Structures are given as C-alpha cells and as structure tokens.
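Only one chain is included here, represented as structure tokens and corresponding to the form predicted alone.
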Amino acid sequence: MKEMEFRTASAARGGLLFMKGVPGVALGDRAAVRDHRGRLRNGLVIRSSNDLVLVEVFEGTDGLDLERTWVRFLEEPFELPLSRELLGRVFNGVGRPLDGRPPLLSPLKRPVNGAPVNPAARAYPREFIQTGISAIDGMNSLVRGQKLPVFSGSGLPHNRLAAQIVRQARLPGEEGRFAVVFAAMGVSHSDARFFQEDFESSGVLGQVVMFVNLADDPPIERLILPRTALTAAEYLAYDLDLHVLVVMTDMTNYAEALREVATAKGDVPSRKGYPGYLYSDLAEVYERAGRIRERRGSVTMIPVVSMPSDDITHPIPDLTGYITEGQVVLARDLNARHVYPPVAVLPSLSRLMKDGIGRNYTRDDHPRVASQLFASYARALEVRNLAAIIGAEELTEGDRRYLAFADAFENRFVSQGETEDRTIFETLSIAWEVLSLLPAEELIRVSEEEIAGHHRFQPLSGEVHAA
C-alpha cells in the first residue's frame, strides 16, 4: 500500500481528516497528506476500522479541498532523525527546522512515541541538580531523573523562570555532560523570540535543543511536540551519555489541544470537558523521564503548568501532581510584592529531595537547614496574620523577630536577580544569614554544632511589616 494514494476523505475538522474505504491501515501509521497545490502535510493514524480511518494532520486541515486531497499511508511510525547535531538547533513540533538551517539528515531515526522501558530496569533518582535558584535548590531540590513541575497562574513569570533554569541548570562536577531540551507549546511570537534570544545571548544555545509551537500554529501539532522533544532527550541521554534536563512550557496548552481533538473525534468528555484518558496521556509524557540501570545518562523533567483561575485542583495540575514527584508553586501575592521568583515555599514540595542532598551531594547541614526554614517560615506567617489583626506594636519581642525573619526570608532568600546564579553553598549561607535573625533556642531542627558554626545572632534593625 506504500505506493498507493487514496482520495477518499469524507470530512475534515479540528485538524482531523476522516477517510473512508481504506483497508489494512494500522493504528499509529504515518501518513503523507498532499493537498490540491501539491504541498505535503504530516499525518498520523489515530483510529482505524473497516469503515473509517481517522488521520491526525499536524499542520492542520485548513484550506484542504477534500476532492483533491490525496493521502498515502506509509506503514511506518512517525520518526525523528537523531544525531549530535541536534544541539543548538530550533525545530517545530514535527522536527522541521525553524532556525533557517538545513533539515537534520541522519540514518538514525526513532519513533517519537519512545520505546517501552522495563520498570525493573529503572534506577532510583539521585544526585542534586543545581538550578542556581535558592527557593528550588535550598528547599525543593531537583534530583537527577525526577519530574518536578512548576505550577503557575496567568500573568506570573513562569516563562522567565523557565528561561533562567535553562541558562543556569547544571549537575555539579559533570557540567560537560549536561544538556537541555526546551519544548514550548502554544507560546506567543514574543515569548518564542524571548526564549531564543535569551539562550543565544547567554551562550547556552549550543547545549540546548528547542522545539517550538506558536500560538497561531495548528493546535494539533502540540500533541506530538512533547513526544518529539522527549525522543531527542532520550537519544542525548542514553546514546550520548548526557544528563538531560527537559523543560516544557506550557502543559496546559497541550491539554487544551488534547481536549479539542477529543471533542472533534467524538470522545466522551470527563472533568471540565477533558477526555477521560487525560491522566494516561499525561503519564505517557511524564513517565519518559528517569534513569536506566547501566546507562550513564538521565532525563530530568520540569514541566510548566499554568493553572486556570489559579485553581490547583483543576484537572491538569491535579493529575500532574499524581504523576510527578512534587511541585514548585508560584504565588500571586509574592509577585505583587515584586519578589522574583515568586515561589511559595510552603505549598511547594520535592518528594525526592532527601535522596539528592546532604553529605556527598550538597552539604551535610542542607537537609536540616531546609527543615528549619520551613518550620520558621510557617511560624512567621502565623505571626504575620496575628499582626494584621492586633497590630505589630502589640507583638512580643520574639514575635517581632519572626516578622523580621519573614521579610528577610522573602526578600533575601527567595528573591534574587533574574541573572543571579547562586551556588548551593551561597544559598545555604543566605539561609543561615536569615536564620540568624532568630535566637538559637528557636532553631530546634539543626544541631548544636551547626548553630555554633553558622549562626550569628543579629540585632533587630529597621521596621518589620505585618503584611
């Protein structure tokens, strides 16, 4: 059937092409769609029966004249050519160059859906990845092989944070074996330009592979883009032995495209109109991160999820939280007070942090310092709420110290410059600096030896704020 073209399209809507009278077509086969002007579009069979074949057209179905549209089924999965020349390149969702350079030519091609991994072959995620951002490195540490999403809201600087992580992320001691795959879905032209110019000007583009789908590109292309990006990441990790960080923004745009296609297919909707298989579909993407035994490379993932109406119980962040190992939450109130990055550390969590910090990874006191910062900041927020009711002048000396600690923690520890790249040792030094606003007897989660070595009790100075 490879040499046969069919002109039996009966309908086209939502990026889907409905074909009748096509026997022997397999689910997942690649298709070449030729329109009346002779231009080719990439397609993938997503439903096949004796009566109907449904083709997902990644460039969209706009402008197709059904009577003059020919479809050839290639009897092969959708594949991405792979070589070391991926690094430094910019592609669209189906792997076509967007940087004005020639297409990547390589005899090595692999299906974008990836190869199944035996769960017994997976290695436990370990080893600290430094992002240079104190709120992440100090209190929600990223571990090699982990999936750690960023939960954000509309208008919050998650794109700036994602770009900063790409510029600064490294595996201490193995910087030469570190690479980044950056996948942007449904972004504006200005955001896409910002990402590319930012990576070029900072000199990191040579270690980055970019896959970009713009907001005015066909939404259906967003469904294959993360799979294309992860195929590149797996090649870099398991063939070239690199440690690969995959940053994907924005998974909400991906899920919206999935809902649009599911509606066009006639699938039964579930929560908020998303298909019932949203969980398994997201898991197909997220679970491609990890480490494999006897392989030196690894795939670590930071997906950005924008929460509609700042609702963390929305299906997309909710299901993402079930699949991944924690979350970094951005707070609108911190952003309004010009704290960048506006990371709300209390609802944030890294479930694998304990396996990648401490002795032999970061510093021996790191786990206890992080625990003390959590406890002290939680207490400080209680005092801040009390001060908002009775006034700061009615607080005790100890409570006013907690207010001072909250201000210093947010403005000195959490907040940092957009180009400020802090080592983990600088982060821990700043942590002890803000903890020194509290008397030693309040620090019950660190050892006496650590207090003696790092705590320098500071007198209160200036005003403290109730909110």
Partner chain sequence: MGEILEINGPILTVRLPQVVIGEQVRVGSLALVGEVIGREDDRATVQVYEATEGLRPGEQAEALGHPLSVELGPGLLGGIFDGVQRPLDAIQKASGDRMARGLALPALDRARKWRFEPAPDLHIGARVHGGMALGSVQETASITHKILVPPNLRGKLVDLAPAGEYTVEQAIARIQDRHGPVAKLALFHRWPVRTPRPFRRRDPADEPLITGQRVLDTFFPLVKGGKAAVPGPFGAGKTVIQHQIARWCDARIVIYVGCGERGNELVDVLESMPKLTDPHTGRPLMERTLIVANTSNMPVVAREASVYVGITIAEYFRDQGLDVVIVADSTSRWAEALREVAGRLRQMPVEEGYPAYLASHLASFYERAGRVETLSGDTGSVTLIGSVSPPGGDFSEPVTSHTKEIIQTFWALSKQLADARHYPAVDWTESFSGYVAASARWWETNVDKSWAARRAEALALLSQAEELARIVNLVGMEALSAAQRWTLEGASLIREGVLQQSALDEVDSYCSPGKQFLLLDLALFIYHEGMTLLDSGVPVQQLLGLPLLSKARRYKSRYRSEEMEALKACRDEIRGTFDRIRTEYTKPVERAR
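Numbering follows the first chain given and starts at 1. If you're wondering where the values come from, they're calculated on a predicted model, not measured in any experiment. Take the two forms, find the largest set of C-alpha atoms that superpose within 1.5 Å, and that set is the rigid core.
The protein also exists as the form predicted together with its partner chain; that form is not presented, and the subsequent description refers to it.
Engineer: Looking at its partner chain in the model of the complex, do all three of Ala192, Arg412 and Ala452 come within 4.5 Å of it through at least one heavy atom?
Structural biologist: The answer is no: none of the three residues contacts the partner (heavy atom, 4.5 Å cut-off).
Engineer: With its partner chain left out of view, which of Ile323, Leu82, Val339, Val90 would have a heavy atom within 4.5 Å of it in the model of the complex?
Structural biologist: Only one option qualifies, and that one is Ile323.
Engineer: Can you work out whether Ile389 and its partner chain are in contact in the model of the complex, taking contact to mean some heavy atom pair no more than 4.5 Å apart?
Structural biologist: Residue-level check for Ile389: yes, a contact with its partner chain.
Engineer: With a cut-off of 4.5 Å between heavy atoms, is Ala375 one of the residues that contacts its partner chain in the model of the complex?
Structural biologist: Output for Ala375 is yes: heavy atoms within 4.5 Å of its partner chain.
Engineer: Even though its partner chain is not shown here, does Phe178 get within 4.5 Å of it in the model of the complex, heavy atoms only?
Structural biologist: Result no; Phe178 lies far from its partner chain in the model of the complex.
Engineer: According to a 4.5 angstroms non-hydrogen atom cut-off, is Thr396 in contact with its partner chain in the model of the complex?
Structural biologist: It does: once its partner chain is placed as it appears in the model of the complex, Thr396 has a heavy atom within 4.5 Å of it.
Engineer: Using a 4.5 Å heavy atom cut-off, which stretch among 206-214, 180-188, 163-171, 124-132 contacts its partner chain in the model of the complex?
Structural biologist: Within 4.5 Å of the partner lies stretch 124-132.
Engineer: Give, in sequence order, every residue of 8-36 that has a heavy atom within 4.5 Å of its partner chain in the model of the complex, or say none if there are no such residues.
Structural biologist: Gly24, Val25, Ala26, Leu27, Gly28, Asp29, in sequence order.
Engineer: Quick check: Pro317 between this form and the one not shown - does its CA shift reach 2 Å or more after fitting the rigid core?
Structural biologist: Stays below the 2 Å threshold, so no.
Engineer: Under a superposition restricted to the rigid core, does Val25 display a Cα displacement of 2 angstroms or more between this form and the one not shown?
Structural biologist: No; that C-alpha moves by less than 2 Å between this form and the one not shown.
Engineer: At a 2 Å cut-off on C-alpha positions, does Ala121 qualify as shifted between this form and the one not shown after fitting the rigid core?
Structural biologist: Shift at Ala121: below 2 Å after core fit.
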